[in-house]
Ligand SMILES: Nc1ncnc2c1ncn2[C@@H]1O[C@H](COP(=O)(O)OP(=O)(O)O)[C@@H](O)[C@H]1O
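One chain follows as structure tokens, the form predicted on its own.
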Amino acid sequence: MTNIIETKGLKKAFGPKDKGVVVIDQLNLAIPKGKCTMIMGSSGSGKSTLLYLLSGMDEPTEGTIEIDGIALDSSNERKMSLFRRNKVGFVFQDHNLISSLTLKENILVAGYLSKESRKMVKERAHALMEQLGIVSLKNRYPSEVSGGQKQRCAIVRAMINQPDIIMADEPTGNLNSSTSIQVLDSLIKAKHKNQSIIMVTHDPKSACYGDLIVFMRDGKIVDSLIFGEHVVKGERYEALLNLLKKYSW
């Protein structure tokens, strides 16, 4: 299986050198291409910090991150900016939509950063909004739609430039169960286009959507589960609960 991301000896510490708080501790990780990877762990385990490192929005204290065999180089801000724009789509927990723009405008602002024609970007935005069931809301503002509709807009915005990787930080954390399912189904549609999904979650039911589940504790990966496509959600959920019980979580 080909990996889209590999880390070696990854470390992230905050504070003075040799006295700072270590949040990610010598972490080695391989994330498969075209699959959905779920990162789990209790609060403070380092899972969100790891996601920000993998996305290039934060830089490690030590270690390396390779995306498709190419090392991230935080010393070159221009290359990092292009990487984040073209390689990674990011979905924040609180959606981070611009309140003064309509849903469609929020998506197009991100799309216009690409080198494609505006006509092409508009056509793709319309198709994605239709696919995720929010095209009828395109002229509404974020304050005029539900939390789940905002998150689906944020997912379209993350997908608009056709990135190889979509990362999501607790995208269902503030949503009810039925809306969470809609958002997760929307993300999984991207996987079927051979895009790689990496999602941080604390919710076992959400994690069951993953092909690979990694469990973090104190900045390290302490365990993992790998599921084949044929394994149904009920079996995944039972296996995951057994794993969580092992760590009294």
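Throughout, we count residues from 1 along the sequence that is shown. This is a predicted model, so every value here is computed, not measured.
The discussion below concerns the form predicted together with this ligand, not included here.
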* Structure fact -> Among Ser55, Ser180, Ser48, Gln195, just one has a heavy atom within 4.5 Å of this ligand in the predicted complex, namely Ser48
* **Non-hydrogen atom contact Gly63 with this ligand in the predicted complex at 4.5 angstroms** => no
* **Leu225, heavy atom within 4.5 angstroms of this ligand in the predicted complex** => no
* Asked: Is there a non-hydrogen atom of Gly44 within 4.5 angstroms of a non-hydrogen atom of this ligand in the predicted complex?
  -> yes
* Is there a heavy atom of Val23 no more than 4.5 Å from a heavy atom of this ligand in the predicted complex? -> yes
* Asked: In terms of non-hydrogen atoms within 4.5 angstroms, which of the given stretches 64-72, 184-192, 35-43, 203-211 touches this ligand in the predicted complex?
  -> 35-43
